[in-house]
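Just one chain follows, in the form predicted alone, and it is written as structure tokens.
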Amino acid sequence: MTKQQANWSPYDNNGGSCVAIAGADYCVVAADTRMSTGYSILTRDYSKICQLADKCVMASSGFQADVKALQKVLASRHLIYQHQHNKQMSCPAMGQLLSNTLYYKRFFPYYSFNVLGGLDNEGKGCVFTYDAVGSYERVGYSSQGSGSTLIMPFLDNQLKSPSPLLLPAQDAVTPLSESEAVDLVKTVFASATERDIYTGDKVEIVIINADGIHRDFMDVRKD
């Protein structure tokens, strides 16, 4: 008789997809609102987007319990920063803090895959993309989550960034206007929802520009 044992994992993958696109004076960050486990939908109305500072938001997929723990750590570190410096953290500074926080837990990582979007000190759009242990890069656009393998080739085709090896260094921001970027985000989610069972229900779109942060929602298929 074969020995049976119960396997337990501290992690789960709750699925979902996140996208961020940086422009000359704006940033669009979007994520779907479905949270699943296996073949079950836990909720159809769960926001994966968290505002970290005045002009900085984070969208996260992966294990949502770890994401919540990560958001709490970042919020407390940001509060300490505000008391010490009497100002909000900039988006590039928050990007470095997120990298350090993930790397600190590299031997028992937060199972979260993040994109950070916002405006830098010059008012330009910036997007930072991460792996689970804090390796990050500033890019013009990025996608994370269960639908990222479907979304990223589409974005590459529409927005191909200049090679980072080019000299002099080219700007990573995308040439699209704000409304074109929002339309593109809606298109990629409509497309990903058709093929990825973990992406669906609704898309939350956050637009960051000089006027502040604006939220928009779009319904997608619910099956």
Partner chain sequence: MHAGRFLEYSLHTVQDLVHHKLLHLIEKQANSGDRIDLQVRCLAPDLPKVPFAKAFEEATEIISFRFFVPPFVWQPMKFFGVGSEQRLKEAIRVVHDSAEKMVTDQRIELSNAGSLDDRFDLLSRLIQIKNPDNQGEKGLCGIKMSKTAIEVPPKGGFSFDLCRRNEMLFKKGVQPPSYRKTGTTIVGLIFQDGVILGADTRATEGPIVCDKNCEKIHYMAPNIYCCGAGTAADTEAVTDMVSSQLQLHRYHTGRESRVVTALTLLKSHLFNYQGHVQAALVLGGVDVTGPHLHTIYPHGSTDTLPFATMGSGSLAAMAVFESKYREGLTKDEGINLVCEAICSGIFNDLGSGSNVDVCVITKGQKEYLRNHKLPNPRTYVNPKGYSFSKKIEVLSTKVTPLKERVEVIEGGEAMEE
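Since this is a predicted model, take the numbers as computed values, not measurements. Positions refer to the first chain, counted from 1.
The next section is about a form of this same protein that is not shown, the form predicted together with its partner chain.
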So, 154, 184 and 194: all three within 4.5 Å of its partner chain in the model of the complex by heavy atoms, or not? yes
Pick from 47, 158, 43, 51: which residue has any heavy atom within 4.5 angstroms of its partner chain in the model of the complex? 158
Verify the contact flag for residue 63: yes if a non-hydrogen atom of it lies within 4.5 Å of a non-hydrogen atom of its partner chain in the model of the complex, no if not. no
Taking its partner chain as it sits in the model of the complex, is residue 69 near enough to touch it, meaning that at least one heavy atom pair lies within 4.5 angstroms? no
With the cut-off set at 4.5 Å between non-hydrogen atoms, does residue 34 touch its partner chain in the model of the complex? yes
Taking the shortest heavy atom distance, is residue 175 within 4.5 Å of its partner chain in the model of the complex? no
Partner contacts in the model of the complex for 201-221 (non-hydrogen atom within 4.5 angstroms of its partner chain): 218, 219, 220, 221
